[in-house]
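Coming up is one lone chain in structure tokens, specifically the form predicted alone.
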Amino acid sequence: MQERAKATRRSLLEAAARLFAERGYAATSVNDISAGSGRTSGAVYFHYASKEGLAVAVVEDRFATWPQLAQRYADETVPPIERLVALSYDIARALVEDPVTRAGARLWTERATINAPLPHPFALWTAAATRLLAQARLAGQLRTQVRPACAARTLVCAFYGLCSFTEALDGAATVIDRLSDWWQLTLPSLRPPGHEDAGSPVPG
């Protein structure tokens, strides 16, 4: 794809994300997106075919692919559970601060109003958490009764619920503090006897 076309696609996606995050899917029109991007509505239809196509693209761009996972996950100098905690802070910050990630989260909650299947947003994150917990078990850093796959699914769902409800009830500024509280409660149930208090969860 030519650079000019790439720039147009990106500007449309970012304008759509800002509007979806602020207004929601139903209250955002193609004309709103074209005005917000400085492009024509014809450009929207040329690059994304429909508003539904833009919604899918927004979810895929950050929320379903979780690009924040790659660097944290690959750093094998850091113990697996510490990497898992650090990943959660990266993702929490994105959910609070990054417009495209925030739009993806809102679109996912509004998916029943979107006439297109949205990609599952938690598959990659759950797989990464499963592998990190499995690595922790091999290293003797996980309770033997904790099953990595089941624990990963539970942690991811609980984390997303925590972030969503905290922001709704107390505001985005409190999400990181509440996440620290959550890890203080959760980590002792993951670590083996004698290691329950091994370090405090600190934003990484």
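When you see a residue number, it is the position in the sequence shown, counting from 1. What you are looking at is a predicted structure, and each value in this text was computed from that prediction instead of being measured.
One more form of this protein exists, namely the form predicted together with a further copy of the same chain; it is left out here, but the text below deals with it.
Colleague: Would you kindly say which of 27, 173, 49, 157 lies with a heavy atom within 4.5 Å of a further copy of the same chain in the model of the complex?
Modeller: Contact with a further copy of the same chain in the model of the complex is made by 157 alone.
Colleague: Can you check whether residue 37 is within 4.5 Å of a further copy of the same chain in the model of the complex, heavy atom basis?
Modeller: The answer is no: residue 37 has no heavy atom within 4.5 Å of a further copy of the same chain.
Colleague: So in the model of the complex, is a further copy of the same chain close enough to residue 138 to count as touching (4.5 Å, heavy atoms)?
Modeller: Because no heavy atom of residue 138 falls inside 4.5 Å of a further copy of the same chain in the model of the complex, the answer is no.
Colleague: Using heavy atoms and a 4.5 Å limit, would one call residue 186 a contact residue for a further copy of the same chain in the model of the complex?
Modeller: Contact with a further copy of the same chain, yes.
Colleague: With a 4.5 Å heavy atom cut-off, would you call residue 31 a contact of a further copy of the same chain in the model of the complex?
Modeller: Judged by the heavy-atom cut-off of 4.5 Å, residue 31 is well away from a further copy of the same chain in the model of the complex.
Colleague: Look at the stretches 51-59, 65-73, 142-150, 38-46 and give the one with heavy atoms within 4.5 Å of a further copy of the same chain in the model of the complex.
Modeller: Comparing against a further copy of the same chain in the model of the complex, the contact stretch is 142-150.
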